Ligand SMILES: Cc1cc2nc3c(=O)[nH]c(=O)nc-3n(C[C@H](O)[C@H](O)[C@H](O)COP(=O)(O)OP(=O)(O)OC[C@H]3O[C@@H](n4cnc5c(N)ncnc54)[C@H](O)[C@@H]3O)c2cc1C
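Here you get one chain, nothing else, as structure tokens; it is the form predicted alone.
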Amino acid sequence: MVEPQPYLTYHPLLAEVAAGSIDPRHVVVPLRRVLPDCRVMTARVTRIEHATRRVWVDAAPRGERGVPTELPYDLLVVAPGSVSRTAPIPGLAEHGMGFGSVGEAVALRNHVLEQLDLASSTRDPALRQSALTFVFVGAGYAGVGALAELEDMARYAAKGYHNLTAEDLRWVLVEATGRILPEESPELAAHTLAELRDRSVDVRLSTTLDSAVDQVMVLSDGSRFAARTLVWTAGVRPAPLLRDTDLPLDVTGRVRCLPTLQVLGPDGDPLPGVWAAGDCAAVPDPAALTAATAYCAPNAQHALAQARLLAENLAAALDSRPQTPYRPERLDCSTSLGLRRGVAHTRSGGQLTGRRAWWLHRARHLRRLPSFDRRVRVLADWVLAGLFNREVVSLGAVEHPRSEFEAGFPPQ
């Protein structure tokens, strides 16, 4: 296995990591521990040439370029996932923050708490207002979950400041389409929207971010305001690695697949010896009602189900047995909206809100965590969080550990 990070990240719980409900180490699973019979290479794949069945990997740290190593293979499984789908918006690259990794979740938590410290200490009203304004772009599960969890945490943290109240904080959710949570039913999406607005979250539908230059947010509806926090959760795109392969891609850049998760060759037959799954794979969805939804959405539920089927089909292929097409069950989606609040729907079509949905959301993800060790640790985090008060301390200095040491040297 070639992977830039020596661990698997369980992405559905990142919002709770950002809120401090779960220790960041408990949502990552060390690959070498759970795959004792597998050779794990901490490296980046730079090129795949399936015609000659070779890949090139680079073990140099990110930002550096090493000497690529060539690896031959017999069978190939492509699952590099996805990256944030950014846009050429002025100021976004300089001031935006992502929310797709444990590091980004921890950094966002530290950043939000640092803004409360700044707002409480400054006497500049403009700086105070911009520090207390938090903008999230993208209202899918990642954006709504992250905003709701952080708003709940910040509301609690504000009680510790003598000159801040929860009403001083401004939360803005910007969504380009006409609704939030497109994966959910219209009823649950409407309930979530109403709850967010009841918590004074400013939800802007059918609106886009036009500029973020100098930390001034300019929206397509004509709004213009300063904000020191800009979180980009507006979807994902396939990993750029796929462009450096000879595998067939669709118009979105995903690997074209058959329902059996074998890669589809240019002649319409399976491409021998290669499979794909997850966010990088364009897998037909037999339940699709329109051409726009003809392929499975890039989300964790499909990725987990496809991974299990891919393993079974790969074993079947090696045994010369028939392979099984991917037929997704009704996705039992859910999200947490802060402590004891959530929305969820069940496989039977039922819909839950509030405390029951929150409990169901936690139970589902506790069951899906891929390591018994991690399940116990996450459960312990939740139990301790219920017994004691929230931890609302910013450890932003850990992101720049040499800053204090460097400050001891005289300026050059």
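From 1 onward, residues are counted along the sequence shown. None of the values given here were measured: they were computed from a predicted structure.
This next part talks about the form predicted in complex with the ligand, which is not shown.
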Can you work out which of 338, 270, 80, 91 has a heavy atom no more than 4.5 Å from the ligand in the predicted complex? 80
Please pick, from 303, 132, 154, 102, the one residue with any non-hydrogen atom lying within 4.5 angstroms of the ligand in the predicted complex. 303
Would the ligand in the predicted complex be within 4.5 angstroms of a non-hydrogen atom of every residue among 139, 178 and 353? no
Under a 4.5 Å heavy atom criterion, is residue 299 part of the interface with the ligand in the predicted complex? yes
Wondering, does residue 195 line up within 4.5 Å of the ligand in the predicted complex on heavy atoms? no
Decide whether residue 216 counts as a contact residue for the ligand in the predicted complex under a heavy atom distance cut-off of 4.5 Å. no
Does any part of residue 45 reach within 4.5 Å of the ligand in the predicted complex? Heavy atoms only, please. yes
Considering the ligand in the predicted complex, find the one stretch among 271-279, 206-214, 251-259, 160-168 with heavy atoms no farther than 4.5 Å from it. 271-279
Sequence-ordered residues of 143-157 touching the ligand in the predicted complex, heavy atom within 4.5 Å: none
